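Here's a solo chain for you in structure tokens, the form predicted alone.
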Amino acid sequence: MDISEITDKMVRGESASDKEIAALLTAEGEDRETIFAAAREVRDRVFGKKTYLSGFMYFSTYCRNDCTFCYFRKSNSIDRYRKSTEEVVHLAQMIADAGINIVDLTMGEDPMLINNNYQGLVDIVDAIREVNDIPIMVSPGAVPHETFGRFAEAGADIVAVYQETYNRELYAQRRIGQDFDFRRNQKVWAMDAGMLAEDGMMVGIGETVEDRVDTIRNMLALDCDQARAMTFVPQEGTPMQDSGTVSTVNELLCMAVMRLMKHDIMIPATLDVEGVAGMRSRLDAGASLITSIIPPNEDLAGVAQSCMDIEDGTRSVTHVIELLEDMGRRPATTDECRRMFDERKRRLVQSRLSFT
């Protein structure tokens, strides 16, 4: 199968078959660079040289779930922390002052914050919004349907809830005891409430190439504005700690395929797998957003790599921008990001009104 023929038609906005997408996801050698070059062409046509920046704040590492891949699963005997509302607001201001465009409020499904229908998280969003107009992402895990309207009213712009896989059997093995459809519907309910949504897949958790094709199709069919692919990293103290590492090239190919399938989608280049060393390859695969930027010296953890590049400052925004500019790209301004989010939310609301 000729890879360049497939990418050429996808660059033009034409669709590809499952067989063709599988060919892209398993490409090797020069064919890979053909795919990545096509993804960059599409990305630059939509976004120019702008790259958006997202600051990651894992403000509570307590969780009631026992996901087999996660270091912060409830049965793992580790040190945990929970930031106060005042601390979160202070950190959000630091993120905004540093020129980062988005603050990502991530938490485990913390029993304390779940109380009273997630009022603790609603209060945090509201407190940030009172002092700052920075776009806010909430990553709260799976929450009740009625909670999304409260997030939106408090001032949240986007909700991230990662499915990780759309293979139901594999999902049940990895997200133990968690309802597949309830989690999938999180994205739908967020958009129904007027917020944007992000879905995500994990690469290397036991899925087949066909599973990857199916997961990408399902994520994009939801019409989320943001979709993530992230390589699985074995975590100490989990059932998958001895699973072995997998090549990140599969993550890059998933990112590039998503870019070719949906040209204007926001695709993150996460720093949470390989740190800043992996930033260039992810941007070269068509990413438009750098995520998991973490301020140093604030006792914050990452997810896949809880410590990598944090305390030495190389995962800070200053270093990220230096690397970005070395690539001939530029960081978006927060005003540009706010305008983009607002326009996408307007389009979302209009599309849902026209659909009904």
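Keep in mind that this is a model prediction, so the values were computed, not measured. Just count from 1 along the sequence shown to find any residue number.
The form predicted together with a small molecule exists for this protein as well; it is not shown, and the discussion that follows is about that form.
Among residues of the shown chain, Asn101 is not one whose heavy atoms approach the small molecule to within 4.5 Å in the predicted bound form. The shortest heavy atom separation between Arg212 and the small molecule in the predicted bound form exceeds 4.5 Å. The shortest heavy atom separation between Asp272 and the small molecule in the predicted bound form is within 4.5 Å. Heavy atoms of Arg282 never reach within 4.5 Å of the small molecule in the predicted bound form, leaving it off the interface. With the partner left out here, the small molecule still marks one of 256-264, 135-143, 91-99, 212-220 in the predicted bound form; by a 4.5 Å heavy atom cut-off that stretch is 135-143. For the residues Thr106, Asn250, Asn76, Asn185, the 4.5 Å heavy atom test against the small molecule in the predicted bound form is passed only by Thr106.
Contact with the small molecule in the predicted bound form, defined as a heavy atom within 4.5 Å, holds for exactly one of Leu121, Ala190, Ala160, Ala227, namely Ala160.
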